[in-house]
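Shown next as structure tokens: one chain only, the form predicted on its own.
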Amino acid sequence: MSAAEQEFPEPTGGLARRVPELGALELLLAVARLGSLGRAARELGITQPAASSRIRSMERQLGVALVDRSPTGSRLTDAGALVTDWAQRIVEAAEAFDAGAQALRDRRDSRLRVAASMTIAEYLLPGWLIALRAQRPDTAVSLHAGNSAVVAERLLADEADLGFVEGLSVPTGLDSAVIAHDRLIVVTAPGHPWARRRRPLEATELAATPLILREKGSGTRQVLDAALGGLARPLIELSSTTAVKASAVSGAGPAVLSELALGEELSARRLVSIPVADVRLSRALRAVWPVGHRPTGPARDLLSLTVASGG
């Protein structure tokens, strides 16, 4: 066996072991272009000893000498010149691969699918989306509004990138972050007898009275049912906050809704807030996403905005 064969034995193993890493090929190309291992190292932001080590490692991996070193500079061997031609094609292919992958990321990051329960969709999301648009003007946002159960279904089916729910608990299969707190209010039209009462409603009286309610599966209904031990009696069940408010304003009966949804009606006295004793009607508002899939891209940015605004 010759000295060269002893120094550079024939490589064995799979393709990943026989083909140098991309960084080593880029270093070899820089040496060929600059004629100096030191200048190539500086261009790539590594030390000269690290560059020398990388070249030697590549020579051992390939089984041939690639660079002749001298006090005046570094010169490619004949084998090194040939390997450099091949390396150029590999580096160009890697650059094309990276450009394609970036295009896929850009396409992913150009859209954001949001699913939100009704109260958040109507009263909080518009402001958040305006702020997001200032950060990401090219991101197209689609919003699906439904109750908390529907939000969970869309996230778990990969039909949404980020969700928002209003219930007492986090739906199974989802991680969450609390973004704000809310409370529910019992309201009636001004002509209802409760509007003239002097003392707060008791839980038993609220539970015994038919109410205009959101449908089961909504965060609002979940909170009320928990507060009343599952005894809430529906007079009418409706699938939107706006419909519940309209029914209450018409005098159809008392309703229970988020404080977020009632500012205009209460200030104009189209509805009256009824104090309630010994009933816990507060809740956390949460951003949610599938377990193990922390939001990225525009979804991450929107989550950051909601946490910052919710405090």
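Computed from a predicted structure; not experimentally measured. We number the residues from 1 along the sequence you see.
As for the form predicted together with the DNA, it is not shown, yet the points below apply to it.
Among Ser282, Thr242, Gln48, Ser273, which has at least one heavy atom within 4.5 Å of the DNA in the predicted complex?
Checking each option against the DNA in the predicted complex, the one that comes within 4.5 Å is Gln48.
Does the DNA, in the predicted complex, lie within 4.5 angstroms of each residue among Arg42, Ser53 and Arg69, using heavy atoms as the measure?
Verified in the predicted complex; spot residues all in contact, yes.
So if I measure heavy atom distances to the DNA in the predicted complex, which of the stretches 34-42, 282-290, 243-251, 259-267 falls within 4.5 Å?
One stretch meets the cut-off, namely 34-42.
Although the partner isn't part of this model, could you tell me whether Ser74 comes within 4.5 Å of the DNA in the predicted complex, counting any heavy atom of the residue?
Yes, Ser74 is a contact residue.
Heavy atom within 4.5 Å of the DNA in the predicted complex: which residues of 257-276 meet that condition, in order?
Contacting residues: none.
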